[in-house]
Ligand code: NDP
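A lone chain, given as structure tokens: the form predicted on its own.
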């Protein structure tokens, strides 16, 4: 079969590989709608995961089941399914402890385009199909649904990590597609003042549509000063980091109230250390909590998020600024994520 792959750090291209084998609990899926991610950019051009050779990229897909193993109960060939980016081993000790995303080791629930071929192939393998696939509801656009693979659950997990509650003042740093879903999730959770930090007009417009009460442009000055000015020096209750770099944590700590929480879902592709400002952290005693986590995967999570689309509680189509037709357009879509033109939020490829 054909696939679009990381050939090595800084190198991508089309390759031929053997069609994957389907185990008794597993499924083989053909992509219907796929989308490249900034994580793919970190992996290839920053070498964030280390060297990977001839590894098919991609971890966001809606697809059609092509084959199922003998022990699969709930799915059959021809079913249209949402495929989460995170596909844990649900019988692992880590899953039993409540951290399925780390089944088999830290971040090892993230298999696609990490240590296993991803979804940018003519077929891809899904382990434990009954636990890791979800049926695509009738009437849902596959392009909109592919945002449920990663963008929605990652953004929402930032909201969960920050423990956003009714009436909280919240700042979301970074309003790419993940940050926009963090804005949407914080609004659903009942945030009061909801500040979104970003500069691109297309993202700012979407942030307001998803519930941001104000967009903070970092090009207009230090974002900490802007937040403190708007909160009369008090700061915010919660910060969600969905963009930036290792230095962004210092800004988050400075704008956070004592007793507040930071939820980080930003993939840090570069830098060795995160610096925490001593004084603003209360000399270590300010009750300012920092939590960082990989989004949860699995069938139940996908079904619940799909219900938000079915009921109209969430509209992910706002994220889809660029649509491509045809499997051969994957490379073009990936390069858009690398170059990030000003009119881009998220590309999707319909196969």
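Fair warning: this is a prediction, and the values are worked out from it, not measured in the lab. Residue numbers count along the first chain shown, from 1.
Missing here is the form predicted in complex with the ligand; even so, the following discussion is about that form.
Student: Which of these stretches, 274-282, 197-205, 136-144, 226-234, has heavy atoms within 4.5 Å of the ligand in the predicted bound form?
Tutor: Looking at the partner contacts, the answer comes out as 197-205.
Student: Given that the ligand is not shown alongside this chain, does residue 262 nevertheless sit within 4.5 Å of it in the predicted bound form, heavy atom to heavy atom?
Tutor: Taking the distances in the predicted bound form, the answer for residue 262 is no, it never comes within 4.5 Å of the ligand.
Student: Within 4.5 Å, heavy atoms only: does residue 266 come near the ligand in the predicted bound form?
Tutor: Flag for residue 266 set to yes.
Student: Although the partner isn't part of this model, could you tell me whether residue 69 comes within 4.5 Å of the ligand in the predicted bound form, counting any heavy atom of the residue?
Tutor: Judged by the heavy-atom cut-off of 4.5 Å, residue 69 is well away from the ligand in the predicted bound form.
Student: Using a 4.5 angstroms cut-off on non-hydrogen atoms, would residue 42 count as touching the ligand in the predicted bound form?
Tutor: Flag for residue 42 set to yes.
Student: 81, 99 and 132 - do all three of these have some heavy atom no more than 4.5 Å from the ligand in the predicted bound form?
Tutor: Answer is no for this spot.
Student: Considering non-hydrogen atoms and a 4.5 Å limit, which listed residue (191, 252, 178, 148) is close to the ligand in the predicted bound form?
Tutor: Spelling it out, the residue with a heavy atom inside the cut-off is 178.
Student: Name the single residue among 294, 65, 314, 302 that comes within 4.5 Å of the ligand in the predicted bound form, judging by heavy atoms.
Tutor: Answer to the contact question: 294.
Student: For the stretch 214-253, which residues lie within 4.5 Å of the ligand in the predicted bound form by non-hydrogen atom distance?
Tutor: If the 4.5 Å heavy-atom criterion is applied to the ligand in the predicted bound form, 214-253 yields 218, 219, 242, 243, 244.
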